[in-house]
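The chain below stands alone and is given as structure tokens, in the form predicted on its own.
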């Protein structure tokens, strides 16, 4: 039954551009899908490894900037790089985000709890200041413009339907990757650390190596989401590092159900599409955000474990 629902859902999502004749809604779904990929990556770190990162948007922004710069090329006093194919640029963005994840993991996991949160927030602020002030490379507040769309195997992802299918494909790959990882020995070690670190240490779990692995994979996936965002929107500025984007990812994970595979997807669809759905009823912006906040508080209060765990309990009770 579960497999049938999954296949049916994928068929509906895959065929959506054929029967949805509304470019704006398709645009909203593409952007929501990109942030769902970022939320899936954060869920690996927050939900399974038990590490709250409030600087996760840094990896998203690094992926966006690195992919944009490699595809556009740049000429600075230290280095000159000619424009590269966009698919290569996206791989560079993923690699850059993963490398930063490794560096931050090696440094930050010397501390725990509130100290790790402070380190993650400081990291994103440092990266944002670099993007603002290194004008020679990033154009600062003027932004990187005319970023080329992705082109792969002769297919140009310029129109919305092709971008939608691209984002859907990356989201499915991200989901499968996280699923395979959490079901592996390394994934079980992450869960053990999140539940009881002293006990995990006592049975031989290498804490630093396990958490760094989670950070690298999580950062690389967030970098992929950032690269998709850059080549879809085709403009990147320092606002990509705004704290509200991290908050959005955390909301998607926590309300959907952290530590569950479907949680970021359900939470992402609800809280990614909700503002646009409210806007369709011509509700004033301040009222929209009040409704958004009330709904989020209601989910946290009545479903403290998240929407997906609550649905699972309900289905078990009905069966």
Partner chain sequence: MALLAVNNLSVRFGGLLAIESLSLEVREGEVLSLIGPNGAGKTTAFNAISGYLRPTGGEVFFKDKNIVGRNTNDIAALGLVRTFQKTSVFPNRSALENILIGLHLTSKQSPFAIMLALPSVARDERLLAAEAERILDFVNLQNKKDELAGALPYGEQRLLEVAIALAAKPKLLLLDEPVSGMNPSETASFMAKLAEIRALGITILLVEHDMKMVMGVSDRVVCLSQGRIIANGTPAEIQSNPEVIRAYLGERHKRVVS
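Bear in mind that the values here come from a model prediction, so they are computed numbers and not experimental data. Numbering follows the first chain given and starts at 1.
The protein also exists as the form predicted together with its partner chain; that form is not presented, and the subsequent description refers to it.
The candidate spot formed by 262, 305 and 313 lies out of contact with its partner chain in the predicted bound form, as no residue has a heavy atom within 4.5 Å of it. Contact with its partner chain, judged by heavy atoms within 4.5 Å in the predicted bound form, is confined among 237 to 245, 182 to 190, 223 to 231, 87 to 95 to 182 to 190.
Mapping the unseen interface onto this chain, residue 159 falls outside it, with no heavy atom inside 4.5 Å of its partner chain in the predicted bound form. Using a 4.5 angstroms limit between non-hydrogen atoms, residue 106 is distant from its partner chain in the predicted bound form.
Interface residue remark: residue 203 is counted as part of the site for its partner chain in the predicted bound form, having a heavy atom within 4.5 Å. The closest non-hydrogen atom of residue 199 lies within 4.5 Å of its partner chain in the predicted bound form.
None of 213, 72, 100, 171 but one reaches within 4.5 angstroms of its partner chain in the predicted bound form through a heavy atom, and that residue is 213. In summary, among the residues 132, 152, 81, 177, the only one with a non-hydrogen atom within 4.5 Å of its partner chain in the predicted bound form is 177.
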